[in-house]
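This document starts with one chain, in the form predicted on its own, laid out as structure tokens.
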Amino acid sequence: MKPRVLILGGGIAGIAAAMKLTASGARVTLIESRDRLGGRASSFFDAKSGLWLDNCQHVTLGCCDSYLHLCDLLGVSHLIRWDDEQYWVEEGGRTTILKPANLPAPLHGLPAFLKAKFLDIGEKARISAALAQLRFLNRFEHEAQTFGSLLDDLNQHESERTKFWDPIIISACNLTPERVSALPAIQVFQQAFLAGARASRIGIMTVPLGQIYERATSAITESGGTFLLGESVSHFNSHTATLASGHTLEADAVICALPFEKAVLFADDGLKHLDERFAGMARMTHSPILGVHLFFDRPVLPLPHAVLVGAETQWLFRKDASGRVVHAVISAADDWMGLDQEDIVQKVLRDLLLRFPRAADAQLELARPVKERRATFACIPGFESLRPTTASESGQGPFLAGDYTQTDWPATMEGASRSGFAAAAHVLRSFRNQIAFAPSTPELV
């Protein structure tokens, strides 16, 4: 008989777990409170534009092996557009293209960096010296230190922080260097920017994120699995999940792939008392992201993407062939959450027009800001001790999946994918030596 597995949550972590389990013969029931899969990395239908829009622009890198494996399983790898070049744009429009040379890591980025127009000689020298030291640091020894403090130790001045370190770290870790733990910040450079040309490639989906999960739906249903979309969980334990409707589902194993705040909220009181992982999860906090979809009457962004040097808006992404549709991203967006739509749009337009002055005559036809107040967990110093293991010490479950678990990654699609695969592997190991399983389909009790 096939093992029955309940997966709570249909984000990337839950999808990764489901794909691995169904491929291994397990019978999966996936429960998702929304009417679509993807969680925070999904899309919504915008009635004003008549388009499916992503909650926010999600980017992968060449070093994200687990997420790219998930894309292979979903059959959507061909939908990723890869950019080897990064476009850094200053006020007035001067643009630096950072692209890898045919040199071994970490020298692959050096020729373009030395030619960077937005940095002077002194800034380049100090940044290069800091990068050389970052490459060999044991990042786990710096978990209790902020990256801003580490930059002080590395003799980084305010100018190179504003121009170089801030755009990278704020975008990658969704916290400012003054708040983020040095551990994930160091990792960004060690495993991506300094690891070689392939590792630092930028990958962007060419279709709305919601479309890439359709393969998961068919794979799970074809294997005999079940989807319960639009169903909320009211509480769960190691072998059951009770829905808001009052029905209880039983299974041989439960994988909780809910966001950490919901996992703590919906876990049975007895489970939270016995399982120490939930105490740490209850102390976790969030960091917000703001995405702004902009529609103009003519092209305004001639580049596939742009890093805005010295701006509050860190990135712009071109969302159509001409550059008429633009997606702006503001990470670590705490100061933006209280702003209304008009103020948000004006601030983003200011950043855009200062760097692309030729767009001044373009008319904004539609703007759609999307606030994600709980976009990611906050990787502040001390966070690593709060991150739960996939399996409890007793091994009795429930199994946890989510980018907040001990993935050795910050809050990314890669971390979520790793956690889902890890949870599925734990479930399969727990059944490896069993001869018979419980009945083959979850039952309503």
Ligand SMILES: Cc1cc2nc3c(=O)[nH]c(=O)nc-3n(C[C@H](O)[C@H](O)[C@H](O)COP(=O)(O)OP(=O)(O)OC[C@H]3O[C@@H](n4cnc5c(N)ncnc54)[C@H](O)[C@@H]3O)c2cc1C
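Numbering starts at 1 and follows the sequence shown. A quick note: this is a predicted structure, and the numbers were derived from the prediction, not measured.
Not pictured, yet referred to below: the form predicted in complex with the named molecule.
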item: Segment that reaches the named molecule in the model of the complex - one of 292-300, 224-232, 135-143, 119-127, heavy atoms within 4.5 Å; value: 224-232
item: Contact residue in the model of the complex, chosen from Val254, Ala375, Met281, Leu183 - any heavy atom within 4.5 Å of the named molecule; value: Ala375
item: Listed residue (Gln406, Ser392, Ser49, Ser33) with a non-hydrogen atom within 4.5 angstroms of the named molecule in the model of the complex; value: Ser33
item: Interface membership of Val59, the named molecule in the model of the complex, 4.5 Å heavy atom rule; value: yes
item: Distance check, Ala41 to the named molecule in the model of the complex, heavy atom within 4.5 Å; value: yes
item: Proximity of Tyr87 to the named molecule in the model of the complex, heavy atoms at 4.5 Å; value: no
item: Non-hydrogen atom contact Lys99 with the named molecule in the model of the complex at 4.5 angstroms; value: no
item: Residues of 253-286 having any heavy atom within 4.5 Å of the named molecule in the model of the complex, listed in sequence order; value: Ala257, Leu258, Pro259, Lys262, Phe266
